[in-house]
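One chain follows as structure tokens, the form predicted alone.
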Amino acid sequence: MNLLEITSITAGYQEGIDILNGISLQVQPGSVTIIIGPNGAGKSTLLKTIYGFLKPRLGQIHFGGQDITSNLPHEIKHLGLSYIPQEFNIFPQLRVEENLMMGAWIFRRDKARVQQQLEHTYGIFPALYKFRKARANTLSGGQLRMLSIAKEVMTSPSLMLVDEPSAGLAPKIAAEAYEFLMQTRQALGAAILMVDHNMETALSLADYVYVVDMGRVRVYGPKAEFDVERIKGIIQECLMGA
């Protein structure tokens, strides 16, 4: 059974202007599925729609066999789905450990569980333990990306939605960001649905590929059917309106 199944989703930010136009997509348990496409294709909008920030006008979203089309973000998070946006999803003035605890706000009253998840998260990201008392605004770019990911690990999600993990990062730090994501996937057995412009790196990590254009799936399939040159060619066709 698919972990995530999106069926004919149509959505937009303004009435009468749809960004997603009947898009369908599936994510298998434990897999890495990447979404690639030109700017304005609807990639980030799709992640926001899955996570409940934007309500679809048509279509359905199922997660773990449950219809979450109308669910709110906090309800979706309870079910085991997390969202890591492009920007650093942290509170700059809070300490590292306080940020991690904010990641566990959906069960914040269960202090034993929060402590258990803290220990589990530090086990995955031991470097964060050394900085646990430091304010987030004193961390480097790579450390901030690590904290953004670790904050979502606090709920042990079975699926992480990741939007442009290398956006605005220097190449070395970007490489660390992908490493953090793969560490998380391995530790949790989680699936990843990732939007990315970094085609070569994203493709090297992927199990499945979707190329999206104008809010629709242009082509999709297992990684074996794609290489960077094929994807570049498809995107060029998209840009030329072919």
Partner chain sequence: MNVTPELFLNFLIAGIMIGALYALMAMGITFIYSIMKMINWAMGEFYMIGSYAQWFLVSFFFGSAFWFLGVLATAVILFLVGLVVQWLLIRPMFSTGMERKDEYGTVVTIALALFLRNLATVLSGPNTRSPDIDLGRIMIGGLPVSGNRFAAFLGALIIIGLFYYLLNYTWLGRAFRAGSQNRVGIQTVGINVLRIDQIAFAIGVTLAGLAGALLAPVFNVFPENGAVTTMKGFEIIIIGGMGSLPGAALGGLLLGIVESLGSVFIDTGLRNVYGFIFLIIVLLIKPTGLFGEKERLS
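Numbering follows the first chain given and starts at 1. Since this is a predicted model, take the numbers as computed values, not measurements.
The same protein also has a form predicted in complex with the partner chain, omitted here; what follows describes it.
- The putative spot formed by H78, V114 and K151 is fully lined by the partner chain in the predicted complex; each residue has a non-hydrogen atom within 4.5 angstroms of it.
- For S140, no non-hydrogen atom is located within 4.5 Å of the partner chain in the predicted complex, even though that partner is not displayed.
- Remark: G168 does not count among the residues lining the partner chain in the predicted complex, judged by a heavy atom distance of 4.5 Å or less.
- Contact between Y83 and the partner chain in the predicted complex is found at the 4.5 Å heavy atom cutoff.
- Proximity of A134 to the partner chain in the predicted complex: non-hydrogen atoms within 4.5 Å are absent; the residue sits far from the partner.
- Residues of 38-69 lying near the partner chain in the predicted complex, listed in sequence order, are Y51, F53, the criterion being any heavy atom within 4.5 Å.
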